[in-house]
Ligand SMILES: C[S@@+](CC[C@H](N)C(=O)[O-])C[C@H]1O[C@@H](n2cnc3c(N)ncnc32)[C@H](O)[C@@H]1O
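For reference, the chain that follows is the form predicted alone, supplied as structure tokens.
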Amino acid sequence: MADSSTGTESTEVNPEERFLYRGRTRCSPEEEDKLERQHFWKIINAFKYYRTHVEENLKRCERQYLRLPLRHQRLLSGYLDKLAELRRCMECNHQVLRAIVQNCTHMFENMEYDKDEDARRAGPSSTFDMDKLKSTIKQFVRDWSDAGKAERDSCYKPIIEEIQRLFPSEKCDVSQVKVLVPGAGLGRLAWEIAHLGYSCQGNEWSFFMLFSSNFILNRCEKENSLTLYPWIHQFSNNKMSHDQTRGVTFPDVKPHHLPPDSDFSMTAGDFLEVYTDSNTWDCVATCFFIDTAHNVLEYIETIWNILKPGGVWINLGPLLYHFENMANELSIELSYEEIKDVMLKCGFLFEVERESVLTTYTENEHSMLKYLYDCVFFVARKPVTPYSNFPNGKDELQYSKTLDTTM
């Protein structure tokens, strides 16, 4: 488990806590702390602003309908009823989002966010943040619903099968095999690995994902007890009107049903900052992750450093670089050929490689528009007697944080 920057870890755990979110911390300047709080409340605000945001879009639809000639309005006699149904679905989404953020101020072990009353008042949120929130709603489908099973099978199953092949339960004590899942999102891949008995830790940077995974893992006790309507924001490429208002129930499993004495946790913070201890992990499993880097070489360097000699890196995903077209953001976009060449030069040994694994990402199976990713899948090993062309030394640890959640 990740410790704090002082080499200690909190041992005070609420008896009701099931999944403890941990991370590293360091003393930060007052201004940095202020900015951190502002960012926290900005994301809380996005969750709270969701209802107003969707309502504004629905009112725009109403206005445009009423501007039509009466003969056209008569031809669309059910249109206002459709908008009323979208409002009902929106309200259901709002109630779930409200539940998600209800306990967020007390998530972190080492920081409280409930002291700024002004920040709690919801106001307009940016288009970027609202798009991120809508994407997060679709993540519930991918990770925690029956509707997402096919997508999980195409993305997560190959990784899980390799872990079982490399660390079989009949040949080793899987509870002693340490697996790290960076970019864990809503935590399903990490949960599945822990469910098989492995010691697994997920890592995530996004507050959108952290708030939501906290809710799933610690607050959802019954299968398929909640419903979201993830497609109501999509007005294009709908074959049937009811496709837009199709509900998805979650979670499809009971998240707290893990083997006794399971070692499963989530960390909050930047992967590069949180994981600096050398020779720590038996396996690093990355799924749709490496293209989130500003500089993918830093990811390769960090994974090499944190793997134990003989440890493996299992990866599946495309190369849709997240910062490619963002102004004032560093972004190094490499081809897979270049990434592989760097990995080989740095000492990784490729044991499995498939350059065409077809999969989707938060796909709406009823949409008239679908994106298909032609992903790369590989298993690369850090040799037992490793060598590396990476320069010695690391940048100074910046900061991370810990979450403390209760079931």
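The shown structure was predicted, so the numbers you read here are calculated from the model rather than taken from an experiment. Position 1 is the first residue in the sequence shown; the rest follow in order.
Another form exists, predicted together with this ligand; not displayed. Remarks below refer to it.
- Taken together, the three residues N203, S206 and T292 all lie with some non-hydrogen atom within 4.5 angstroms of this ligand in the model of the complex.
- None of the heavy atoms of L307 is located within 4.5 Å of this ligand in the model of the complex.
- Mapping the unseen interface onto this chain, G269 counts among the residues with a heavy atom inside 4.5 Å of this ligand in the model of the complex.
- Remark: R98 does not count among the residues lining this ligand in the model of the complex, judged by a heavy atom distance of 4.5 Å or less.
- Among residues of the shown chain, F377 is not one whose heavy atoms approach this ligand to within 4.5 Å in the model of the complex.
- Note on contacts: among A184, V179, V312, I303, the single residue with a heavy atom within 4.5 Å of this ligand in the model of the complex is A184.
- For the candidate set K157, H256, K82, H322, a heavy atom within 4.5 Å of this ligand in the model of the complex is found for exactly one residue, namely H322.
- Contact annotation: this ligand lies within 4.5 Å of heavy atoms from the stretch 206-214 in the model of the complex, the single such stretch among 163-171, 206-214, 71-79, 233-241.
- Contact residues in stretch 244-266 (any heavy atom within 4.5 Å of this ligand, taken in the model of the complex) are absent; none meets the cut-off.
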